[in-house]
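Coming up is one lone chain in structure tokens, specifically the form predicted alone.
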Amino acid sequence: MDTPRIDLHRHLEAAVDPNDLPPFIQKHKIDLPSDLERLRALLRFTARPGNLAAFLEPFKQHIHKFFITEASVREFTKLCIRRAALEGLSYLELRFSPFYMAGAYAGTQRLDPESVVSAVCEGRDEAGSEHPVRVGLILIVGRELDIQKGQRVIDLALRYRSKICGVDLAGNEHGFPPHLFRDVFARAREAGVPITIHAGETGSAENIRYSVEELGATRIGHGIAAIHDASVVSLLKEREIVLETCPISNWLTGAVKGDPSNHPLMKLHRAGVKVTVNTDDPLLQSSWLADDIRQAEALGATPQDIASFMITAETAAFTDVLSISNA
């Protein structure tokens, strides 16, 4: 039986192949250059950003412009899934912020967040008839937006429960600790919606603990700060919480200090924590799942370790699929 190729942590807004963007930009009259090299200069890093704010700058300045109409959202989603199929992925979870894609972060909200969710779901369903990769969708609550908008994301998650597979909290942990969102995620938890939380990326191990114990997370986005707190490592092991590590992204954002070899992936794995390898934002990083797997190998992962990470991802998937690899 072939080992499944699974990515549990990929942001839809940055999951497209840049080579697909010039015709997309021209078709939808997007306010970005359709020349590929000029576009790459806006969306890709020429040097390591070294901190999360700098890493996210293309989101702030440029990426939101892709989502100008419901039709552009649908097509962008299909392009992301097409790229995943070309990678040979058997399963992918795409997470996205309805408010970000609607334009709320840019100060000029163009779309209703519900229309964004509807268009993404439609794009995913249409792509399903063309490509073999199976795709789950996760709605993101943005840390930087007000709590009322966070509650509305949960409203959408409940309304589209048959179409989406989970909810997430994302954004800069500094200034927006998880306890601010306890009531928001309580509703998802009570309704049985699976929860993953960005925690311990650039924030503390304590953010991981709170996300598990108080927000109800069964998976943690990144979570590499756990290595600094033995009690958090024990908690992750005891509750079988899965970490969605992203080796290349974790170095680019400065979550991993110094050399890329300092990533704690293998230390966490050898300590008995359930870990997976994922991409995060391929468009910005110029890297895809195969690149993160190679980075994991550079950290000491054997072929058996890689297979273990993928089986862990299969088991931790938020869909109801019992065996993605046999689907």
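Worth saying up front: this structure is predicted, and the values here are computed from it rather than measured. For every residue, the number given is its place in the sequence shown, counted from 1.
The same protein also exists as the form predicted in complex with a small molecule; that form is not shown, yet it is the one meant from here on.
Engineer: Does at least one non-hydrogen atom of T77 fall within 4.5 angstroms of the small molecule in the predicted bound form?
Structural biologist: Contact with the small molecule, no.
Engineer: Determine whether any heavy atom of R219 comes within 4.5 Å of a heavy atom of the small molecule in the predicted bound form, and answer yes or no.
Structural biologist: No - in the predicted bound form, heavy atoms of R219 and the small molecule never come within 4.5 Å of each other.
Engineer: My question is simply whether G171 lines the interface with the small molecule in the predicted bound form - judged by any non-hydrogen atom within 4.5 Å.
Structural biologist: Result yes; G171 sits at the interface with the small molecule in the predicted bound form.
Engineer: With the partner left out of view, is A301 within 4.5 angstroms of the small molecule in the predicted bound form by any non-hydrogen atom?
Structural biologist: No, A301 is distant from the partner.
Engineer: Quick one: from L56, L39, I30, L268, grab the residue that has a heavy atom within 4.5 Å of the small molecule in the predicted bound form.
Structural biologist: Contact check passes for L56.
Engineer: Is every one of R5, L92 and D292 within 4.5 Å of the small molecule in the predicted bound form, counting heavy atoms?
Structural biologist: The answer is no; none of R5, L92 and D292 reaches the small molecule.
Engineer: At 4.5 Å between heavy atoms, only one of the stretches 22-30, 276-284, 41-49, 258-266 reaches the small molecule in the predicted bound form; which one is it?
Structural biologist: Looking at the partner contacts, the answer comes out as 276-284.
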